[in-house]
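What follows is a single chain, given as structure tokens, in the form predicted alone.
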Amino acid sequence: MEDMLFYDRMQFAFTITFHYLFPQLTMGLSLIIVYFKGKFLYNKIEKYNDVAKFWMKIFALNFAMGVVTGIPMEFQFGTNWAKFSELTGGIIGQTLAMEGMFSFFLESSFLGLFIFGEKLLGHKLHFVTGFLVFLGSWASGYLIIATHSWMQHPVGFEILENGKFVLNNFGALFSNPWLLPSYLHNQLASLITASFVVGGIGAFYILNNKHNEFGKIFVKTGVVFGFIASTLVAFPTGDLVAKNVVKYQPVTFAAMEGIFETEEGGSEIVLIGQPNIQDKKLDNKIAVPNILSFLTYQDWDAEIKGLNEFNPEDYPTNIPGLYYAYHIMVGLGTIFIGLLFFALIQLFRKKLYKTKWILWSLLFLLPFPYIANTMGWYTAELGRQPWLVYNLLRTSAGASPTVSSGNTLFTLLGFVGLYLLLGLLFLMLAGKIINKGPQLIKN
């Protein structure tokens, strides 16, 4: 049973991690495309229309990859997680169906019109189609995170005698206190990814003395959007998400922060440390006293419960993984804010495009928002374990009892091979688009 559960979780973790590499870019990029198209309508400078269409090609490629890699996850609900689907399908099925029927079709329909319909529609209606693509992508994220938020903090339901969860308050599903902070945090994090992709490709152009005019537009846009998004990801949205974890999942918060024992007189914030599960402590830690209590409760001396206050059966099943995922996310977010702050200063001083260390940093850091986003989702998912529906349905009770570990491992290896080929194909196609550059796209 343990092997079966391990491979079930590994397969879903791998497929959803690879899948989310693509939506996290499309959601953020859709907003930047709307900005470029709107700027063209406002000042009638043709190059902004060219860059809007250039990035929509990157968007379309990512969208296609997201669709292809997203479909297998739906089937896993019926194969590896059939019991979970049977028990909770009456609730999560509604939001997932809404995402497919409304958001996905809105996004995909108007994506085709944006790519092929500019001459037919005219620039104003072309802008509307781009805005509707943005609206569809962000609505899709909202409905997915509404599903996820219910699993983290279940509301508006009742459990029937046969153990099935049914929704008795539809409004509660969308007024879940977990939903809005998580949604805004996630969407801004996707905007960080898009900003670094746009800025990183712009830096690549400038450093290679290729498409310089467009490179400057990309770097400026990436720096401005990225700094705003990075700041808002930390505060207020990240702060609100952390406060929800403290309130509704205190054992998860203790594990995230590496608090093994409740500290009197305020809790320190750990900058560096390695969890030692056997001895229930952090090794080689560097910490700042009382800061965590102040950030959490705005009280320097507030008590934060340690893991010793909770039943070991309710501990997150992978405390080191949760701790490191959380701290990698926070650490990278801090680096993003610092770099983009210096880049913004150089932009105002009109020296950004000649400051090579910043351009190289933007290019080098291009993959790291993907890592930060992945670590953020790992923090959420590892933090909820050992529950599928927090405090109500354990992960072990949601797996399919008839799917063997051997079958799951075999299909997992198949996914690894297939997704490796898809990833290489994506990089080849994206590289071809980037190499041609936006100036080749004309009306």
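All residue numbers are counted from 1 along the displayed sequence. From a predicted model like this one, the values you see are computed outputs, not experimental measurements.
As for the form predicted together with a small molecule, it is not shown, yet the points below apply to it.
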> Is it the case that 214, 352 and 361 all touch the small molecule in the predicted bound form, with a non-hydrogen atom of each within 4.5 angstroms?
Replying inline: no
>> Please pick out the stretch from 200 to 208, 162 to 170, 139 to 147, 272 to 280 that is in contact with the small molecule in the predicted bound form, where contact means heavy atoms within 4.5 Å.
In response: 139 to 147
>> Going by heavy atom distances of 4.5 angstroms or less, which of 323, 81, 225, 114 would be at the interface with the small molecule in the predicted bound form?
In response: 81
> Does any heavy atom of residue 381 come within 4.5 Å of a heavy atom of the small molecule in the predicted bound form?
Replying inline: yes
>> With the partner left out here, check for me: in the predicted bound form, does some heavy atom of residue 27 sit within 4.5 Å of the small molecule?
In response: yes
>> Does any part of residue 77 reach within 4.5 Å of the small molecule in the predicted bound form? Heavy atoms only, please.
In response: yes
>> I'd like to check something about residue 104: if you look in the predicted bound form, is any of its heavy atoms closer than or equal to 4.5 Å to a heavy atom of the small molecule?
In response: yes
